[in-house]
Every structure is written in C-alpha cells, then in structure tokens.
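Coming up, as structure tokens: structure 1 and structure 2, two forms of one and the same protein chain.
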Structure 1
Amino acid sequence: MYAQFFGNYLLSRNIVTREQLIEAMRKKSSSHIRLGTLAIHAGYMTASEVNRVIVLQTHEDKRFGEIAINEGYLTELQVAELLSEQKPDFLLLGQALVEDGIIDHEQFQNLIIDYQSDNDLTAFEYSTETKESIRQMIEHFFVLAERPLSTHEISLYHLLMNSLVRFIGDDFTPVPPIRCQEYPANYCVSQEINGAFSVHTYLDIPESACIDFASRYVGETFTEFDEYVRASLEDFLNLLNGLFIVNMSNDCSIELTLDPPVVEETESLLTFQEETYLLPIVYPFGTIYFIITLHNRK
C-alpha cells in the first residue's frame, strides 16, 4: 500500500504530473524489481554507485550483483539478503519513474529518506508494511480539519484502501481529502452505517469509468453501462461497509447496522450539513470519489 501513498507524496510536491504517475503505476504491475533499486533502499549502495554499475554492465556481460561484488559495493551475503527479502511495492513505482527518466537514482534515494522522515517511518517499517506503520501513514495522509482521526475513522479508511487493492487493483493514487459541503453527483451510490459510529458513505464514479471499475470488481469485461455495472457498484460499497461493521464488532465490540445501498439521483447536487469529506482516488481508467459524512464521532 506504500506505493499509493508514495505516489500522492510525489504528486503533491509537483515531482511528477498526474499523467506520469498513472503511467508509472501501470508499469509497476508488470515490472520486476532491480537489485540496484533494492540496494539503494537498503542503504547498501549510493545512487552514484548504482549508476556506475549500470554503466559497467554496458561493457561487461555480467549481472548487476556480480559486478557490484567485484567492485566492492556489495558482499555475496548482502546480495542474497536483498534477493530474498520482502520487496515493498513503492520501490517498483520509483523504479518505473527512473526508467521513464522522470527522476534519477539520486533523486529517488533522497525521496526515500525524505518520505520516511516526513511520515516518522523507520527503514524496517517502510519495508514490511506493518499494521502500525499503515496507521501512521493514514494519519499523516488524512489531515482532516486539523484534528486527529478517531480510531474508527482510521479503520474505515484503512479498509477502503485494502478493499481497493484487493478487489479493483493497486494501480491507484489517493488524492488528499477535502472538506465538502456540496457535490455534483455523476453516478452515485450511498449507504448509511448506524450506531455508535454513524456515517453516511458515498461512492461516485463518472459513467465512463463505471464500466472499468465494475469489470475489475467482477472479473468480467463489461462494454456498456447496464444494470450489471450498476449492481456491481452497489455490491462493492455494501461489501466495504459490511466488512467494516464486522470488524467493529470483532475488534471493538461495537454493534453497527447497515441500511441497503441507495442510488442517488444522477447529475443531482448533493448537499451536506454535517462534517463531510471528499476523497478522490485516481486510477488509469478514471477517478472515483468516496464521500464520507460523519454523524457522530466517538
């Protein structure tokens, strides 16, 4: 999940454009991590050392690791360690940007350091994506109304990100949420969660992107905006919220209820009187929008 937050970090600092980021997210899904990228992340090699080995590879028919060992940059034990350890997915995103010439190895090395520092992440957390480190990432990302997120809000947003990765695909970038008082709906499905943590959730997607979203969710290829596509959007929102109330019951002993999904009037202007946030999620096929209205927070 770090790739998604790392992508937003790059976007918000104007290091990449939205189009460049979308293309890099698409590429990372079919890319293989390079040893030089892993060595920079682990701190075993500097960007300049990696660049030198890459240049040497153009003159010698040898693997990167073999040259790095011969040059004294890596040991055989370090190469084996890098090849066997878990590989955080954000490295593939950075690697794709380097290969496209958007950033270079030195910039990538500095970005890793700055990003870890800004999010209070240790190198270990940044490599393993622990539950605690993801919570930290979400807290830093969702700086809402200059107040800390409640535990229940963090759980809901965390589940949203996991559900997108699991059911739609990990090639997305979240854009920081904003306060929202009104919103012009495209095709919008909403659902109420009632109880001690009461919220109204909305999933809004432009019709052109609904087909791709539904196709990914169901695992079939839809070609037109029909009742199957519409039902898929309702099912996704219902699944997300259903999993959330189960988690609240199991983890917090809080019993919540769920109303059936409702289709909002197309092209209507939604207005919100209570605390509401709009969260855009950018996919290659288009941007989807999650809206969450908080009725009460405990």
Structure 2
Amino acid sequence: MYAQFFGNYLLSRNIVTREQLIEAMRKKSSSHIRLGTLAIHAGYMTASEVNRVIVLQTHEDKRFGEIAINEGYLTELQVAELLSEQKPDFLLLGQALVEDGIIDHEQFQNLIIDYQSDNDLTAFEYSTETKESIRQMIEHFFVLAERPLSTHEISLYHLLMNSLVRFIGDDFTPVPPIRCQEYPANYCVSQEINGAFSVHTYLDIPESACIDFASRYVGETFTEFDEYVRASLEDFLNLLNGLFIVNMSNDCSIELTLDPPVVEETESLLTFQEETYLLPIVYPFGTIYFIITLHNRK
C-alpha cells in the first residue's frame, strides 16, 4: 500500500517535468512490462546487470530471460516467479520513462527503492496486538460475508486500520464486523467512491468521542464540539478514501472517483438496501463506527 501515486512522487521530487510525466502516462497504457523491470523491482538484478543483458541482446537473438539465466543473473525459478507474480502497475510508468530516456536503469532502481521505503504504508510499525487484531478482523469478514473477499475490499480494510494507526493511534480494538441493515446515526459523515465498482463509506462517532477523535487527528486540543471537530470526521474519511483510490490507481490501474463528503442528518436512522457492514472500533475515548456499503455486487 502506498501513500501516493508513483507519478506524483516523481513530480514532487522534480525528477520529471509535467510534460514528460504526461507523455509517459500516455505511453505506458500501451506497453508491456519487461522482465528487466521486474527483476530490478524484485531486487534480483542490478541496473547494470540489466543494461548488460540488453547490450548482449543486440548481439544474440535470444530472450532477456534466457541470457540472464546464461549469465547467472537469474535462475529459471526466479524467471518463472517474476512472470507469474502480480506486478504493481506503477512499474510500467517507470519503464516508460526509461524508454523515453528521461531516467536510466540506475536511477530507476534507486527510485523504486526510495519510493517504496518513503511511501510504503505496510512497513508502518504495527504492534503485535494490532497485527493480530487486524488479521482477526479480516478473518471475521471472510466468515461473515460467506464469500471470498475481493482484493479491493481487503485493501480498503487494511488501509482503514493503517490510517487509524497513523492518524489516530494504535490503542484501538476492532470489534468483529456485523452485517447491518439499519443504523441509528450519532454524528455521521459519508462519502461515495465511484467507478469500476462503488462503495459507500460512513464514519459515525458519538458527540462525546468526536472531540477526542479530532484532537488526536489534528494534533491540537479541542474542548468543544465545534466546526473544526465536525470537519475532522469528513477530513479523515476523505483522506482514507483518497488513499484507497490512489492505491487502486497505482497498483491495479483502476481509476475511481470520490464525491465530496456529506454530513448525514443527526440522529436519523440510516437504512441500507445493499450488502453493508458495521465495524465498531473501540478506543479508550469511545467507540467510532465505520460502515461500508458495497454496491453493484453481482
């Protein structure tokens, strides 16, 4: 899971210009990932080894993998593994920049390492208990849903846990999720994710817990249930969903959009026609509730 899109990372570090990035994004949609790119990403080959194989390829009519095996850079097993594993889509963008001569293989290799260590959310320090409760929560979902969870769903639940650890604190306990048809709202905000699939996300927090939630999220001490405190719920939900669609774009080339967050009517009864889950998260300052409705499930 990543904190930002690879192209954005390159742009913010002035590695590419806006024009070069747009050109590479256009080009990548029509290109195939190369074994050399994958080998660099997996750490099996260095950039100079990849360069050497490419040079050898101009003399011998052989495939990249074949030469790399002959030269002892890769084993047959590694080649098979590289070709079968799922590849994050952002590698294609880097490859397009190499092909355009904007960066070379060495830079690409270093960029991948920097990008992953700077932006890898999974590397975030979880305590053992947190890891265990996340594992349990996902497992509960499998049982509850009576069907395999899609990778998108799992990714959203992981990001939720991750965002809680990053922005609110890791002293929480997720309660096993519950199938839900109606829910009495306290102070509740919601946001729609649309595109190849649709998800409606809700964050509901009793007023008494909102102030502590906001104080932790913003890093300031709030004392009243004021507009900043209320805005913090929308802000958090928007951040979580934003990171989710960035990851879908970066990893799977699935482009989704977000609607602006909406404040639900206070103390109204929310009713759900479609598959909906309630996820209570217990913090020392109170319980916060996530609700996720999955639309268009066949």
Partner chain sequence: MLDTVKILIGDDSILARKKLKDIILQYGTPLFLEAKDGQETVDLYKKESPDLVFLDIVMPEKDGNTAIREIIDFDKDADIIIVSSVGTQSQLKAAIEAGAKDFIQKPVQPEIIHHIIASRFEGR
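Residue numbering: sequential along structure 1, first residue numbered 1. Each form is matched to the other, and the largest set of C-alpha atoms that superpose within 1.5 Å is called the rigid core. Here the structure is a predicted model, which is why all the values come from computation and not from measurement.
- Between structures 1 and 2, only structure 1 derives from the form predicted alone.
- Relative to the superposed core, T75 shifts its CA atom by 2 Å or more between structures 1 and 2.
- Once both forms are fitted on their core, the CA shift for C210 between structures 1 and 2 remains under 2 Å.
- Once the cores line up, the CA of E23 ends up 2 angstroms or more apart between structures 1 and 2.
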